[in-house]
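Below, in structure tokens: the form predicted on its own, a single chain.
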Amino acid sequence: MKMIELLKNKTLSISFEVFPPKTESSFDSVKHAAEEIAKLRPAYMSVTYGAGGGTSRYTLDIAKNIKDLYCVPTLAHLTCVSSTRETVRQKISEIKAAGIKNVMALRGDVPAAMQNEDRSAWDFRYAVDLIEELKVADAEFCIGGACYPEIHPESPNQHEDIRRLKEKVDAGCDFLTTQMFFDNNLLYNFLYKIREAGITVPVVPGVMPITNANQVERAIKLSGSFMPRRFQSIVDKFGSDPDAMKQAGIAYATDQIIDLYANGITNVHVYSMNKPDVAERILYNLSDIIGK
């Protein structure tokens, strides 16, 4: 099923993200984790794409396995930065051959060794270039894009960031998924601004349960996320107790999701970090709300 259809639900719908292994030796453990999450029957699952495409074959293997064996709709990530047009077209062909219709089109991180290269001659410099390529390859693709409630780390300001986001939507992006955030008010403000800018496609909020204190620094580095004082207090209090921090982090994420639903948002994507127990506890906390 296409994502655009899945996102029309009127009641709360929860989806989960998994990421592929970095090495072949860990493939089986990651595949097992993804299958355990699929058994929970989420609305859909997204499978990320390794930095620089280094684990791209695992992305497709896991996404196809989830779709074929568990009948869970899948969203395969695809990045394009520093890739040739031939490479990207090959990856698109493989996605089509796997029967996957939902693609998350991302620029991706520029490899460290290419940070200082002249990018003007690259076939793909931005996500919008990939979106256009996907539309040409198959008009039936349902294409997702990323958005940042707190501004993309490389954007000079939010006005410019939203202008770039509008370009992606105009190029054929069917829906958007946000980077993680920890203060719902930031999302509500962001949604108001993008609607004012004429961006009307569905936006799926991305929530990440912080289950250990070490994740905080990484989350800030990856997304530049603002950490509310309330959340910082939780880390200060429970960060040195792994079990307590895990429970508190899941509770905080659950509270975020409940507030989002209470304010009219019916689809939430959870960055579950390949942890079936975290996914299960999130769904358990919401069981009466979503009817599971």
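Residue numbers here begin at 1 and follow the sequence given. On a predicted model such as this, the values are computed, not experimentally measured, just so you know.
Same protein, other form: the form predicted together with a small molecule, not shown, and the subject of what follows.
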{"item": "Site check R107, Y148 and E167: each within 4.5 Å of the small molecule in the model of the complex by heavy atom", "value": "yes"}
{"item": "Segment that reaches the small molecule in the model of the complex - one of 94 to 102, 125 to 133, 211 to 219, 187 to 195, heavy atoms within 4.5 Å", "value": "125 to 133"}
{"item": "Residue contact check: Y49 to the small molecule in the model of the complex, 4.5 Å heavy atom", "value": "yes"}
{"item": "The small molecule contact at T79 in the model of the complex, heavy atom, 4.5 Å", "value": "yes"}
{"item": "Partner contact for E86 in the model of the complex: the small molecule, 4.5 angstroms, heavy atom", "value": "no"}
{"item": "4.5 Å heavy atom contact, Q90 to the small molecule in the model of the complex", "value": "no"}
